[in-house]
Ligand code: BG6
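Starting off, we have a lone chain in the form predicted alone, written out as structure tokens.
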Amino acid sequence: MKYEAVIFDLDGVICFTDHYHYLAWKALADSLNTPFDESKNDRLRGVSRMDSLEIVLEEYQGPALSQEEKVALATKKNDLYRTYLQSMSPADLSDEVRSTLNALRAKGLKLAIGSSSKNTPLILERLGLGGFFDAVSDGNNITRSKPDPQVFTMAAEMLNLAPEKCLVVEDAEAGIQAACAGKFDSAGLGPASQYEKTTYPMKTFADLLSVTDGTKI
């Protein structure tokens, strides 16, 4: 096989928490009387919490906010989001994702997470995947968010593998850009499948079995 490991983004790839993010950001935006809709929410994919807040505040017309106030707002949003996440369970992990992950492991591939989210441990636990992955690189151990490649390079380092031995799986353009910057090949789902820099556009998560076998999709 060309690859020895697969590094997965979490949200939009392993699971879908967009709606929970949307509800939390929407509640925060409403409290600030600033417009927020799902199209703006889509722009937050793969973006750090503080950078996401700046996008949310683009149309804010209230009193100037200090950095301390912005940090407090980001914390408030995350508290709301974590409350919503408590409703997640292993039932939120699709049969396709579960069976594909098990098949990839059976092929001898190492599996890792590369996510900008600081809530990665909680999400994995709620999905029943706590301790499943060989390495987890997330918002708790990085200082630069995608499109910087740090989250993926750190995952590869945890696996003791060079980037060319790892395949990154992403759903966002920023994630594909990060993979490219780190010299990783990439497999794209959703919006990332239409991105010109994606190495392997995929229609389904199970297509990873063909990609890692080196066969055409």
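Just count from 1 along the sequence shown to find any residue number. Computed from a predicted model, the values in this text were never measured in an experiment.
Omitted here: the form predicted together with the named molecule. The next part is about that form.
- The named molecule in the predicted bound form is not approached by Met154, whose heavy atoms all lie more than 4.5 angstroms from it.
- Remark: Ser94 does not count among the residues lining the named molecule in the predicted bound form, judged by a heavy atom distance of 4.5 Å or less.
- The named molecule in the predicted bound form comes within 4.5 Å of a heavy atom belonging to Val47.
- Although the partner is absent here, Lys118 lies within 4.5 Å of the named molecule in the predicted bound form, judged by heavy atoms.
- Contact with the named molecule in the predicted bound form, defined as a heavy atom within 4.5 Å, holds for exactly one of Ser52, Gln177, Ser186, Gln150, namely Ser52.
- Only one segment in the set 124-132, 104-112, 73-81, 86-94 has residues whose heavy atoms sit within 4.5 Å of the named molecule in the predicted bound form; it is 73-81.
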